[in-house]
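Starting off, we have a lone chain in the form predicted on its own, written out as structure tokens.
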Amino acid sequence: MPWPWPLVSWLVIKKRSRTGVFWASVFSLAYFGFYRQGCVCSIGAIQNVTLALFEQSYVIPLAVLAFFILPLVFTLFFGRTFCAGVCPFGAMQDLVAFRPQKTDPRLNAILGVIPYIYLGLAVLYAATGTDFIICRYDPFVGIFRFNATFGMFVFAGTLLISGIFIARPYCRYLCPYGVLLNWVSRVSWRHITITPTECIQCRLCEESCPYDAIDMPVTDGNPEERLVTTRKLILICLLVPFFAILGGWTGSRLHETLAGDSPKVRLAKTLADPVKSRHQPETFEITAYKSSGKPLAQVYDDARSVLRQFYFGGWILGCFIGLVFGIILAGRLLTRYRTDYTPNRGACYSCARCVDYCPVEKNGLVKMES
């Protein structure tokens, strides 16, 4: 069902209609959410694509591949219009954002690292064939299917209640697919703008975005001296690789803990401690092992192979998180001077709320109507 993406992109870029985006969100929540029960899910498709890349025997369904690629393609052309009115997870949160409050920029920066960690872990666990953790800990699909566990129901309810005051908490501080959309949206061909023409600095849009995705003008003071800028760049060039190496080392030290969820590792640990295993109920892994006739040495070899995968994967994951942390810190050190109010292309969800606050937009519509 590819048509919602171009429709919402047209509503955002061409029509600049918040009303249209709102009703598209209602439809997406009803159809993709409750009717389709949240599946196929672009967020969870990250794991299918990862497993297909690392496991030759796994064949990814075309529908899953399409739901993974299409939002990225439309984001490349039109910004995050998928988040605006197609994603049912985003729609559910967007529709309950009744009294959104501003959050501290420093807290936003810290919490903004969590989706990168979640993405890295999801890729690591899928690549090693360990688990699909996005599906396991998804807070909304259980609600769409009316079969959520009590814990997941409480988790989803907490997100929705907090979403009344902190707009889109899952999208901003958890969604791993949002990381990919953020990257692609930064280089999008076209993107929604607050004003259709020149900004008149009326400041009416300043508080309009509940997602803190509007970059304010930065014109006060003189540009930094070249020496100060040079020192900051040198510091950044030192800090970014330092955090990447430190993160990689930390991730490698955690590889045994991360591999603890692997069925092969769990089986080897259980068989290595027969006294403990006798006092515990027989697990599915133990039952399957007894019926397979596999030698005990092979079980240990399989577990060591998984541990090696997590060791190298831990290095890659840690380097990735350290690099992200270093880049975020670098962004806070550098000052970019701007003269207009502009949407932050990475963080903007293209919801079109801000356009209703722009008098240039309203005057333009009045002229068109007259």
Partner chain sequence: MEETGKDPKLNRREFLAKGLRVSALVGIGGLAVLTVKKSLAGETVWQLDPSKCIQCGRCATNCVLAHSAVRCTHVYAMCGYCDLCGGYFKPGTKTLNTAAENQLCPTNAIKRKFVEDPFFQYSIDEPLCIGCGKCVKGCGAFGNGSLQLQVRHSICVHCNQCSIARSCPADAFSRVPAGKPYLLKQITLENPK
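Residue numbers count along the first chain shown, from 1. Bear in mind that the values here come from a model prediction, so they are computed numbers and not experimental data.
What comes next is about the form predicted in complex with its partner chain, which does not appear here.
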Considering only heavy atoms, tell me if R231 and its partner chain come within 4.5 Å of each other in the predicted complex. no
Does Q101 reach its partner chain in the predicted complex if we count a contact as any heavy atom within 4.5 Å? no
Please run the contact check for E55 against its partner chain in the predicted complex: heavy atoms, 4.5 angstroms, yes or no? yes
Hey, in the predicted complex, is G331 touching its partner chain, heavy atoms inside 4.5 Å? no
Contact residue in the predicted complex, chosen from V73, L296, C202, I114 - any heavy atom within 4.5 Å of its partner chain: V73
Contact residue in the predicted complex, from S162, S208, T287, N108 (heavy atom within 4.5 Å of its partner chain): T287
With the partner removed from view, which of 323 to 331, 307 to 315, 36 to 44, 23 to 31 is the stretch that lies within 4.5 Å of its partner chain in the predicted complex, judged by heavy atom distances? 36 to 44
Look at the candidate spot formed by V96, M216 and V218 and say whether its partner chain comes within 4.5 Å of a heavy atom in all three of them in the predicted complex. no
Listed by sequence position, which residues of 128 to 143 have a non-hydrogen atom within 4.5 angstroms of its partner chain in the predicted complex? D131, F132, C135, R136
